[in-house]
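Next come structure tokens for two forms of one protein chain, structure 1 first, structure 2 second.
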Structure 1
Amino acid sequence: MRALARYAPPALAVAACSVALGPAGAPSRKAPTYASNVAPILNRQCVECHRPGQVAPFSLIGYENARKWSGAIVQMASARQMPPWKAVHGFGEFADERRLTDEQIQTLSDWDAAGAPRGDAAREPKPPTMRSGWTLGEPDLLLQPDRAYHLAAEGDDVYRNFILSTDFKEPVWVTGLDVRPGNPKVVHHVIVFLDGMGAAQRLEEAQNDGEPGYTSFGGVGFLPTGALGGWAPGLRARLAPEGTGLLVKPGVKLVLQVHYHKSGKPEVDRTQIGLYLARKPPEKQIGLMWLMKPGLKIPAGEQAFETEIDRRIGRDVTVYGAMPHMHLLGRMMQAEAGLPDGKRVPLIKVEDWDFRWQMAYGFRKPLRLPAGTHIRVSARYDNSASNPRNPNHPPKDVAWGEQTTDEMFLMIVPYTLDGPGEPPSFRMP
């Protein structure tokens, strides 16, 4: 999903040095200041979400905001809870990794400990101006729900699924997806699923609550036949690798799932997606490996329930990224490729799974896996009463399913076949 998802902003190539170096190159004892050391970090890594009208609950633009939040900033940065990026550093290699370095965390912490000094206000860097338009240029096709959706002021998060009206008469090749949240204050993340079975339509009709779309609890309410990608605030749109594209056949519906965070006020949203299309069929069709375990059963009370699957790839393939998916009990998920020569290649690992941050991670470089490679996916779940996210009190046995109270074990890996042919759907290549 490298291509079809939006990813994190560019890595911290030019972030400021966190420690001022003295003449001999030794760290000086001067405390870091907002103007010289902290503002560059916050501007680069935080303010795209922490600014007015965006999904984060407060702004981190300017000295006053940063000072007011300095303690919480250090806490969240040290725990690596912010910026949100769940893939473990060093296990797999990702494009646009969004991550603070240890030195940057130290800088934030030293700054807070020194009383959050401002430094020379005249030298403060300007916060970046954010592009609000389409990052990949004008899309070929704009789609949005027929009407605006009304979100209540308070209560649990909502997963709302909108069937986008498309009426493709010909196969369509999608090479990119971008998302323009209608109301960035409440749009937490977005996934676009494909439905070739008319399942979404039936769900919408059954729910029929007067608002566009239907609400689901954890998934989309059905097993999708594919996905075009996912997006979360601050993640950048990318085009599919040269010569590749994702096929949407006539009759297949696009289902836009929006995860809403309530704001305390009634809100209205009509999120738009932009699709980029190939002029002619690309050489290679992107397929999705759905590495999943529908037989999943997690016993009540078990704090560290571990399970895994091993799937053999029968063809030479190139893989582009990974998107782990679990629900509320999930704690860890990882994928590794075991090559025929015995070599093990780490793909992705999420150690501190957070259901609210569903992200598609793109590999830094496409990875070729020869026929005979095994992909091993393992996961750990906490179904004990001490898991604060456990939806069942007391805990009960939980199996694979679509509801909040159910679980999932799913890793989606976009790939292309290195030889001719069409990637099979729902079977391993």
Structure 2
Amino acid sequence: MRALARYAPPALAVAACSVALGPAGAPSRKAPTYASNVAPILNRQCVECHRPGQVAPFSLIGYENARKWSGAIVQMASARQMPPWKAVHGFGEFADERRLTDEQIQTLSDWDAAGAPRGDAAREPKPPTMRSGWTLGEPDLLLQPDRAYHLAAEGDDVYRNFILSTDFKEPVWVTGLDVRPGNPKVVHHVIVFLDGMGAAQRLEEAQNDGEPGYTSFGGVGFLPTGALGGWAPGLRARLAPEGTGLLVKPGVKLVLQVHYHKSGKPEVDRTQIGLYLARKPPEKQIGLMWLMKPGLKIPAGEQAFETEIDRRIGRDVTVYGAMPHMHLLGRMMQAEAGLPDGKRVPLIKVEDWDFRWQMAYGFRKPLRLPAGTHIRVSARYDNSASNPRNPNHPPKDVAWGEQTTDEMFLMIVPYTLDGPGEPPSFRMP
């Protein structure tokens, strides 16, 4: 769904390497070539980000670029760090799953080991045509911070929150969100939250550091009253399912959180968001289940601390996706639904959590969950000295909170009620 932006379509199957007979008559694999085997993979899975003017640090368009980076391609693909997709394949079914198969990774590895041969240049497929503007055409409403943000050259990543005033005089139904990074070199990912309490304005005034917005970590510094979605490299914006939309009431502020990677020199950014609006109220309002454990406490030294929550749904609902969220100690999070008839339905599992990749995953097909269904969310954390991401040295007890040294246990699930009524905020339907 568009409210939870998704990744580009999954890769097409790549033709297997041809087989020839070796000197002793035994089958031997012919080395893959860029033209026949590698270009289709890169064009489908990589060049959307790895092209000029985009967030990736180098281009993979064309043979010469691919040959130059062949070793790095294999290293990142084998470690499954690229393409960025953290959900475990087969535990839940997702739209636009962006991941490489084992066969594709082996093809890339064999190609690099063979010296990255080009093959027949005349048969090389052309790179896909990418839209340079908004994915779904010109948005109905374009919003951006009042002024540009100045990012320092070096230091830790920055999570900056910009308050976007809407001045809506009546309720507005949002059916789509798209993001246009102002400076693709430093914008890592973006999430748009809703603030119906004026909390963001108070935080900006208290911080008052001369730049627009305010800095936080992990969250936005307060419990938001909703969210519109987000963007990360490779995500493809989509519209919400037909007949659904997210409600933004008059007076509600939009909080644009931008995660910045520093580039080694001073940078300037003014990221824009585009909203697509319904012409009339949709049949169903999208709500968000906030499945969380504010009482979380992780003892110092625990290398595999596990915890879980179990929440019962009191209404018939349809769910559309899931977005897990932890901080630096997080290692694994999964969610599954237990139906009243005893059947268990996997929703999502992230085995190798990485805070740098905040992703929202849309289901391939919406799931109907009847009243009485239990959603069980479990998580594992590493609060030991052996965790290189642990911000505390030596480790100390860590509880729920907004700071770098705090943690979170949160799963956000977008849903609609199958019957009449407005989805409740911050409690189970």
Ligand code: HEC
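Structure 1's sequence is the ruler for residue numbers, which start at 1. Because the structure is a prediction, the values reported are computed rather than measured. Rigid core here is just the name for the largest C-alpha set that superposes within 1.5 Å across the two forms.
A.B. asks: Just to confirm, one of these is the form predicted in complex with this ligand and one is not; which one is it?
C.D. replies: Form predicted in complex with this ligand: structure 1.
A.B. asks: Core aligned, does the CA of Ala304 move at least 2 Å between structures 1 and 2?
C.D. replies: Moves: no, less than 2 Å.
A.B. asks: Superposing on the rigid core, is the Cα displacement of Gly314 between structures 1 and 2 2 Å or more?
C.D. replies: After core superposition, the C-alpha of Gly314 moves less than 2 Å between structures 1 and 2.
A.B. asks: Quick one: once the rigid core is lined up, does Arg118 have its C-alpha move by 2 Å or more between structures 1 and 2?
C.D. replies: Superposed on the core, Arg118 moves its C-alpha 2 Å or more between structures 1 and 2.
A.B. asks: Enter the rigid core superposed C-alpha shift of Arg51 between structures 1 and 2, rounded to one decimal in Å.
C.D. replies: Its C-alpha shift, to one decimal, is 2.8 Å.
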